[in-house]
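Quick setup: one chain, the form predicted alone, written in structure tokens, and binding and motion questions come after.
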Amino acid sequence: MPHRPIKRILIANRGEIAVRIIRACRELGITAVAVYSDVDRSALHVRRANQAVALGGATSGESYLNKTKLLEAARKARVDAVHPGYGFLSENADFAEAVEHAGFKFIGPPPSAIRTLGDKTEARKRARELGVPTVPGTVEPLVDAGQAFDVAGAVGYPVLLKAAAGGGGRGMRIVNSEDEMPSAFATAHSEALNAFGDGRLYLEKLIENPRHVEVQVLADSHGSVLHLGERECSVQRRHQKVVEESPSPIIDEAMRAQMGDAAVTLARSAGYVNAGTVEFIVDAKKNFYFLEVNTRLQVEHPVTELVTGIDLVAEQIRIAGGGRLEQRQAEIRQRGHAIECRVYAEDPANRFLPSTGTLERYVLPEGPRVRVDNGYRQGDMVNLYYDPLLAKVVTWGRTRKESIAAMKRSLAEFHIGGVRSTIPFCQFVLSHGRFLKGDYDTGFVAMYFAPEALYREGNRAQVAAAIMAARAKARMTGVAPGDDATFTTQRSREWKKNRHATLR
């Protein structure tokens, strides 16, 4: 495709990431074109864009996953490029290829790199060929459950079944014994097929009590490939991240250089261009193993932006337009410490199930050292059609302690009414001794979190705010405090019983 400057971008996404990309476009003097489904007609990303094109429908399949509609919207809006954000079609090589064939620039890696590194089995195969440490397991996708039995027997239980395509914990199952394999294989296959249209699975030895550490890479089309340090992403529920930080509390300069070199080697070998993330797991002895590559912008990219001062979305756009990376590896430094808390419309006291309804109250935190990447406004409806992520609160401090303090203050200022949210859970994490020491792993939630923990000492401020909101609503509407949506699933009897214990 001949080089030409990017002046108009179609954002093939919604929510906070669409708003984030729109902001980068405005700073670069680029026209941002949003797309929207019927239920997103008045969404924040639609109102923030310079132009918006209707896709129709309500489900993802009818709108944000519909390649034909997205390409037609790009033609209608006469854009130069398409930014997929994260999720939806961001790691779909066929979509990237279709965008390019239609005459637009795809703001992401080449289709060939997505196919090589976005497919977990292909990525593992390449990592092994390059000498990057990998976890014992299959390189090719499993043929059937019978082969899974054989491989698991060879590497030893427990093992992990994982979808060959996609991510986010979907199509993933821990298998502790032979008896669990048939149902685990069937469930993982079905879930992967439904989520990604690809039911292929692979198997690897389960590294127990691992840390999840990832390395951000940037590459231009002129041969320059850089890493921007690491992010710690070990606080997870359902294999999905909730709290992230950079730098990792356990990574020193020598280990950072080793992991960074491995990430750059892998990206360079695949002809990678644009932003991507190489994920690793780290065992108790600080041995690291390649996990997968996310061939897109990550949800948690803001923590890297805050500690490096590099705008990753702006760099994505410049690279797609043929620009060169201006930095050299020796110039990349992580300054201070950043933490991100994802605020989901979920009920942490009820297995993190999605919570739907109208955002009757929605007050964002403000102040020094805080950034909020947000996709909603007060009065908006949160529905079940899409991912329940509302916003991301990101704080920076000169030290990890300062960043944690800023986050605690920010979460106490973030008030949500009408739906339940993960704010109390994030406050629980930030007050837990293991997190404060930086001594935690991916089993943190399963090991330490219980619904009743939301009422313990560390969450006084949030519970107090919730009680005041409940009392105010009770005065206005006559609804009992225990029925207020800012609370957990416990009814008014439990609320009355616990409030004195938490506020004394």
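Remember, predicted model here, so these are calculated numbers, not experimental data. One rule holds for the numbers: they count along the sequence shown, beginning at 1.
The next section is about a form of this same protein that is not shown, the form predicted in complex with a further copy of the same chain.
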Each of D311, R377 and E402 near a further copy of the same chain in the predicted bound form, meaning some heavy atom within 4.5 Å? yes
Within a 4.5 Å heavy atom cut-off, is Q327 in contact with a further copy of the same chain in the predicted bound form? yes
State yes or no: in the predicted bound form, is some non-hydrogen atom of D283 no more than 4.5 angstroms from a non-hydrogen atom of a further copy of the same chain? no
Looking in the predicted bound form, any heavy atom of R335 within 4.5 Å of a further copy of the same chain? yes
According to a 4.5 angstroms non-hydrogen atom cut-off, is I317 in contact with a further copy of the same chain in the predicted bound form? no
Contacting member of A81, A406, A73, V175, with respect to a further copy of the same chain in the predicted bound form [4.5 Å, heavy atom]: A406
Just one of E97, D261, E140, E413 has a heavy atom within 4.5 Å of a further copy of the same chain in the predicted bound form. Which one? E413
Hey, of 127-135, 104-112, 366-374, 150-158, which bit sits against a further copy of the same chain in the predicted bound form at 4.5 Å between non-hydrogen atoms? 366-374
Within 4.5 Å of a further copy of the same chain in the predicted bound form: residues from 113-151 (heavy atom criterion): none
